[in-house]
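Shown below, as structure tokens, is a lone chain in the form predicted on its own; questions about how it binds or moves come after it.
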């Protein structure tokens, strides 16, 4: 009776389900340990004032969230964050798509150029940023080249407008190769028969690109836009190495402001509150982009 009951309980469907759960258990444990648990802890910390130096941990309720609404520096920080993200996303994706189109040619030695444009992606981020920091100094390499052409360059990292442009350009050159490879893979998957039919109908190249290429690679455009936007909101090392958020708060993005509040000023409770704000912004933008897929993404049946 017992053996029969055991055999009946472990049906084929249940054994398959148990095997599936065992396969996903390591990844699920990682998500819980490194994503869900830290997120819950950050929310818990945001309800407290935690002073590491004084060894105090006091419950303050919604006090940190009231501070968030009353913070006079936050509007400027959010403005800098929006400006940085917008500039980075537009420039990165436009340049990546242009490079992908240019490199999607069956020419001799084209693989060398693909490697050259992708190589910055695998370079150490800090090393890349330090080198650019030297190039962008008042007497650095960039101004040296401009001076050779008879142009006196600005102090790139010490003026508000040029500082923001500089950090955007440095980040674009660092990661444009990743989006370029994704776009290149998408372009190579577009059937040639569509272009041949368009050429027979007399469609010019730009119309072929607008009517065939863009719709066919729209799923990749959606993917790269989500990756690039989320990445732009998490940029820290470039700001810390190049400008330290200055001059003023012109390049102080939300992640760097969070770092300042939590680890420079030791306001860990308020820093956790800023983390919650960042999480909400990223989640809302990702959700909005995912909803737009129904209108702008073409899926081939």
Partner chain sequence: MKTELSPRAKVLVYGTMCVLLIPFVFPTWWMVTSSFKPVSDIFAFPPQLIPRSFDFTTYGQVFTLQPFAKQYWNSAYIAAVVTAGTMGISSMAGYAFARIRFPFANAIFMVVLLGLLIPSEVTIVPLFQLFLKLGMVNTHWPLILVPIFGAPSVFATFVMRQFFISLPVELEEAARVDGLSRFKIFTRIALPLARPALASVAIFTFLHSWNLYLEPIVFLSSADKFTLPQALTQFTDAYGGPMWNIQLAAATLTALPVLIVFIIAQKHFVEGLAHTGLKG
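This one's a predicted model, so the numbers in the text were calculated from it and none came from an experiment. Residue numbers count along the first chain shown, from 1.
Below: the form predicted in complex with the partner chain, not depicted.
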Check: Does the 4.5 Å heavy atom contact test between residue 61 and the partner chain in the predicted bound form come out positive?
Finding: no
Notebook entry, point to check: Does the 4.5 Å heavy atom contact test between residue 23 and the partner chain in the predicted bound form come out positive?
Noted result: yes
Note to self: I'd like to know whether residue 213 contacts the partner chain in the predicted bound form, with contact meaning heavy atoms within 4.5 angstroms.
What the structure shows: yes
Margin query: Taking any heavy atom pair closer than or equal to 4.5 Å as contact, tell me whether residue 104 reaches the partner chain in the predicted bound form.
Written below: yes
Notebook entry, point to check: What are the residues of 23-48, in order along the chain, with a heavy atom within 4.5 Å of the partner chain in the predicted bound form?
Noted result: 23, 24, 26, 27, 28, 30, 31, 33, 34, 35, 36, 38, 39, 41, 42, 45
